[in-house]
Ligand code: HEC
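Coming up is one lone chain in structure tokens, specifically the form predicted on its own.
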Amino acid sequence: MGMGAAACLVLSCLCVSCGDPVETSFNPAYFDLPETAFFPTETNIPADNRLCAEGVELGRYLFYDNRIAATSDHPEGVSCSECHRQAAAFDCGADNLRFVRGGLPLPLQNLAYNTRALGWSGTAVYPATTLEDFIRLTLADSAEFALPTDSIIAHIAAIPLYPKLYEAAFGTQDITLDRTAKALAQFVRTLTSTHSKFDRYMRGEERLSDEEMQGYVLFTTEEGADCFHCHGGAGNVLFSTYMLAVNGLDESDVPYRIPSLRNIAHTAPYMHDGRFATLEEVIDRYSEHVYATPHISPLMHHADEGGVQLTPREKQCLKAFLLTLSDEDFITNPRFSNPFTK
């Protein structure tokens, strides 16, 4: 063997021993969220955590696996899906109320398009600027999971299912908090609700009834129900600005995140503390019982009159419109369901 060939062989061995990525078979199936008419084109997907089929699959298993946080006191464990049920648009559900730091979970829907802070009070609770950060801090929060994160990671590593899933998603069987948060973030970002009756109306596929259309007019006009400033409409089909606002709910003058109204028929009870059991109660409050507190949002244009003062017929129409935001495909989509029960 000549010197040139020997040098090449040595260099090749060095490259292999250093883990040269050229020699690996790691080739994840990357994909982008499908473009949906009237939806934002901007997402919060970071360059170092692109969506891939393998990462989403791993995140889906982690989302539903209660074994990752089982303890001797609670051998049944807990999972993300305990507080975020698909049938409740990934909210907790009226029969399964879960309070953390005085608030209910927010529904996990269309979060890939939320470019603002997360949670009811944003960075006041978690200093998170990305979905990955928010998930990482949630896993570390004893109010959410009763185990420290190193124990959660050890539990995951001890389950035979996971090393191969991590390898497929990240090219290594090493299970870390960072990769766990990234996989969960990938799955959560795929939870998109885009096929409600309102969406089909916007795409010209279906008509709204006269009552629903009257409700939509009320929703999107200041002289009507005046909902659109905070919750959007045709120009903001996420149905939230995701901003913090004081909404005149009571005299506390505390700002909370403006939630999306999508799938509102499935996310009762309402408000951060679940004080209203029905949509009728919510509509009545904004109609006649708004508190004009010192720091109330300037978008609450009718606060000084106690609310928008809707007639019974207008309330009926407004509710009819809100129900068009329900997406039955979303709450039954098998791609979002529990993989352990398929």
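From a predicted model like this one, the values you see are computed outputs, not experimental measurements. Heads up: residue numbers just count along the shown sequence, starting at 1.
There is another form of this protein, the form predicted together with ligand HEC, and it is not shown here; the text below is about that form.
Colleague: Taking ligand HEC in the model of the complex, would N66, P148 and Y166 all count as contacting it (heavy atom within 4.5 Å)?
Modeller: No residue of the spot touches ligand HEC in the model of the complex.
Colleague: Since the chain is shown here on its own, which stretch among 139-147, 208-216, 167-175, 153-161 would lie within 4.5 Å of ligand HEC in the model of the complex, judged by heavy atoms?
Modeller: Flagged stretch: 139-147.
Colleague: Might H289 be said to contact ligand HEC in the model of the complex, defining contact as any heavy atom within 4.5 Å?
Modeller: No.
Colleague: Quick one: is A53 in contact with ligand HEC in the model of the complex, heavy atoms, 4.5 Å cut-off?
Modeller: Contact with ligand HEC, no.
Colleague: With the partner left out here, check for me: in the model of the complex, does some heavy atom of M202 sit within 4.5 Å of ligand HEC?
Modeller: Contact check for M202: no, nothing within 4.5 Å of ligand HEC in the model of the complex.
Colleague: Taking heavy atoms and a 4.5 Å cut-off, does M300 contact ligand HEC in the model of the complex?
Modeller: Yes, M300 sits close enough to ligand HEC in the model of the complex that at least one of its heavy atoms falls within 4.5 Å.
Colleague: Identify which of R116, H195, H272, R179 has a heavy atom within 4.5 Å of ligand HEC in the model of the complex; exactly one of them does.
Modeller: When ligand HEC is considered in the model of the complex, the option within 4.5 Å is H272.
Colleague: Can you work out which of A112, V237, V78, A88 has a heavy atom no more than 4.5 Å from ligand HEC in the model of the complex?
Modeller: Flagged contact: V78.
Colleague: At 4.5 Å, heavy atom to heavy atom, what parts of 178-195 sit next to ligand HEC in the model of the complex? List them in sequence order, or say none.
Modeller: Stretch hits, in order: L184, V188.
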